[in-house]
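This document starts with one chain, in the form predicted on its own, laid out as structure tokens.
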Amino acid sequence: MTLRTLTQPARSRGGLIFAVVLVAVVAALVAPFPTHAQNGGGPNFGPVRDRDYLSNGRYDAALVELGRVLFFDEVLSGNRNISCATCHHPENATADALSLPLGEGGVGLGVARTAGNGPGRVRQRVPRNSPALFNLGARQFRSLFHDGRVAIDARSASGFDTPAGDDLPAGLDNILAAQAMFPVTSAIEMAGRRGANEIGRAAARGRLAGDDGVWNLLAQRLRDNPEYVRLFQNAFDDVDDATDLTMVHAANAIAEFEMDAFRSDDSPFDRFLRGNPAALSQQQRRGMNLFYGRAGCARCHGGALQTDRRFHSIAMPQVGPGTGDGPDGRDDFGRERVTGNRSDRFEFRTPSLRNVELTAPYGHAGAYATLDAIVTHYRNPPQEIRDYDPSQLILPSRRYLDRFDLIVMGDPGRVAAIAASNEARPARLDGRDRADLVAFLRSLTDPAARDLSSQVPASVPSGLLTR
């Protein structure tokens, strides 16, 4: 029967009913919001909207501009040589393009970054992959970091459960602001070593709060800069003069910038959810149906932002120096470090997959260099970790750093322990399935995220701009 049949006048009651039913069938076949029942796995939810974001997706311009310069200013590091942007640069899609970052003491950006030279050189890789910052202003994000060690907690005086405990000051606007308080306290990320500067010394003593604590010492640097004082006065009603300025104000501004600058929800997938069936190619729709259907990806990567916000072990390879766990400190026990529960060992937070095409390498230790490699891992995670090929790691080489990179992966017993913790069901995926899934993952890329250079300021008040 041709479409023309639908436009012919019905000659009987039975013919009218048949025509109506046929129209409904055709409408269902082209509906922009397929359901699980219709296609065996398509999304059954609507698009992301303003109301899904803090402040309904509307942010204060003065705060955003202050947060922008703070994000790129190396003045917030102990040795004034690294900024938030170093490991979360727009040039690298808000990450750093490395399996594991080279923090304080490193030189350059992204894959060109080196460990530096002399006594100030990098002594240890940062033990976990630098996560992308897209859409973290969404209300659904209630914990941050790979292990969730910063989380919203209404029972706490500060409103957050963090490693700082009661030392975390009140007044932080949201979880992104709370997160921004911590990289500056880490010796290998931003603070520097004990003997290098006053920030590093305070961090080594565990002094975060108080007049001689990390946060106040950094705030004093901002108070000493007249341009920063002016920017804080413009952005905050409770900053009348330099003495009012605190690290809490700075963290709130950085969070406001991140939420505004890195909101990213105009991908082909978003356009599909908003009612445009042609936004996805046929291959991308097949991949979408697999993702939300028999491949089982949505069991953890569910919803419009592709995350359940929970913690899981999927037998991911463990590379790098470790976080101090295990007999020699070279393991990373993941969520167990936060909860103290043995059952949480090797679990890590499910990341959102927005712009995932742009944010390789993948995994909490950056073990996989391509989308195809991480999708392939899900065929049989315990076997894939045993067969892992470390040649795909993106790690700037230094002999004294390299010697720690594969300690865990070179130990069959440790690999077996990670494999045994796996929660992911094997996914029966042939070559076409994997290609279709990768095509769908690429449909999650917002075209605007391909070039974020407009977010880089021309200058910062200290003159220490990360480019």
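Fair warning: this is a prediction, and the values are worked out from it, not measured in the lab. Residues carry their position along the shown sequence, with the first being 1.
There is another form of the same protein, the form predicted in complex with heme C (HEC); it is not shown, and what comes next is about it.
A.B. asks: Residue 424 versus heme C (HEC), in the predicted bound form: is there a non-hydrogen atom within 4.5 Å?
C.D. replies: Looking in the predicted bound form, residue contacts with heme C (HEC) include residue 424, since a heavy atom lies within 4.5 Å.
A.B. asks: Does any part of residue 363 reach within 4.5 Å of heme C (HEC) in the predicted bound form? Heavy atoms only, please.
C.D. replies: Output for residue 363 is yes: heavy atoms within 4.5 Å of heme C (HEC).
A.B. asks: Classify residue 149 as contacting or not contacting heme C (HEC) in the predicted bound form by the rule of any non-hydrogen atom within 4.5 angstroms, answering yes or no.
C.D. replies: Yes, contact at 4.5 Å.
A.B. asks: Determine whether any heavy atom of residue 300 comes within 4.5 Å of a heavy atom of heme C (HEC) in the predicted bound form, and answer yes or no.
C.D. replies: Yes, contact at 4.5 Å.
A.B. asks: With the distance limit set at 4.5 angstroms and only heavy atoms considered, check whether 71, 128 and 314 all reach heme C (HEC) in the predicted bound form.
C.D. replies: All three within 4.5 Å in the predicted bound form.
A.B. asks: Which of 227-235, 388-396, 154-162, 368-376 has heavy atoms within 4.5 Å of heme C (HEC) in the predicted bound form?
C.D. replies: Of the options given, it is 368-376.
A.B. asks: Which of these residues, 84, 319, 253, 214, gets a heavy atom within 4.5 Å of heme C (HEC) in the predicted bound form?
C.D. replies: Filtering the options by heavy-atom distance leaves 84.
A.B. asks: Counting any non-hydrogen atom inside 4.5 Å, which residue from 90, 200, 106, 183 sits next to heme C (HEC) in the predicted bound form?
C.D. replies: None of the others qualify; the residue that does is 183.
A.B. asks: Though the partner is not shown here, which residues of 260-299 have a heavy atom within 4.5 Å of heme C (HEC) in the predicted bound form?
C.D. replies: Residues within 4.5 Å: 291, 295, 296, 297, 299.
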